[in-house]
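One chain comes next, on its own, written as structure tokens: the form predicted on its own.
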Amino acid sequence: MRRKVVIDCDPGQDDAVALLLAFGEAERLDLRAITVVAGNVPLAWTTTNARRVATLGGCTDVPIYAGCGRPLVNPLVTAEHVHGDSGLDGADLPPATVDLSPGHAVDRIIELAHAEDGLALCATGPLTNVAMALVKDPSIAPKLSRIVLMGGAIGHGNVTPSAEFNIYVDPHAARVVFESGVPIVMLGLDVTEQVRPTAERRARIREIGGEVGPIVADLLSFYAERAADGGALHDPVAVGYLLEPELFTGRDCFVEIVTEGPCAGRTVVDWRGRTGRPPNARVIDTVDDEAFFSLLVESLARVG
């Protein structure tokens, strides 16, 4: 059966690749909506970028909704130093021919949760939209099959020594999500940094040809040069988990979100069960990166 999913994102080069991966797997993923949040760049850019990626991927039948333009409490922090001023610097994507759908992303998440049995949310940006939906209508929590998110870390951060970017941008939203009772799969830096777009891998993507292959290769080349981690494919890994969870391993853990102080944005993962508190997330720590990359290349070849 096709898995019903909403992708909540903040494109960003790696979000763009995540969306294209989902577009190439239409036989397995029933993408009900794309909801957009501010994160890597402000909302005006992330919504434009989602529309441009959908245009590139020939995905004209999935509605795109603008969501929250700032975190719940804190000022917005963005990452133009990594992604460029537009968020998709490094390649010439076609102009957007896909329009935004009317309405707010938060409201659409709520509507779909009530309407679609077994809906999954795949969140690849700050969790503001997801948290707002859960606060506005807590009754959606038991209706969601799971939230698969890219965010956090068992160990080190990538914005501060403690915090990964998506959680750091809106830690209060992350706390709402992790305390919601919805089954969560957390794919943090420990697993996503295992998947890197090396020069050889970018060449394989370029060889796909058409319009998608060269554009994705150019985006990832720009990203790899700017990112301190070599441009790890953070966000596509979350979509990859939805498609082939057998490529991943992890364990059920209790995860607490730090919202204040010098460690704000840290995901405190009780990896060894020392607190005795019941798990609230499946925390992933390994991936078969070669198999994942093969999945990515095969999927991108079907896009367009």
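Remember, predicted model here, so these are calculated numbers, not experimental data. The first residue of the sequence shown is number 1, and the count goes up from there.
Beyond the structure shown, there is the form predicted in complex with a small molecule, which is absent from this document and is the topic of what follows.
Judged against the small molecule in the model of the complex with a 4.5 angstroms heavy atom cut-off, the residues N40, T124 and M150 are in contact without exception. Taking non-hydrogen atoms only, D190 never approaches the small molecule to within 4.5 angstroms in the model of the complex. Remark: N158 counts among the residues lining the small molecule in the model of the complex, judged by a heavy atom distance of 4.5 Å or less. When the small molecule is considered in the model of the complex, N166 lines it closely, a heavy atom lying within 4.5 Å.
Residue heavy atoms within 4.5 Å of the small molecule in the model of the complex occur in exactly one stretch of 7-15, 21-29, 277-285, 292-300, and that stretch is 7-15.
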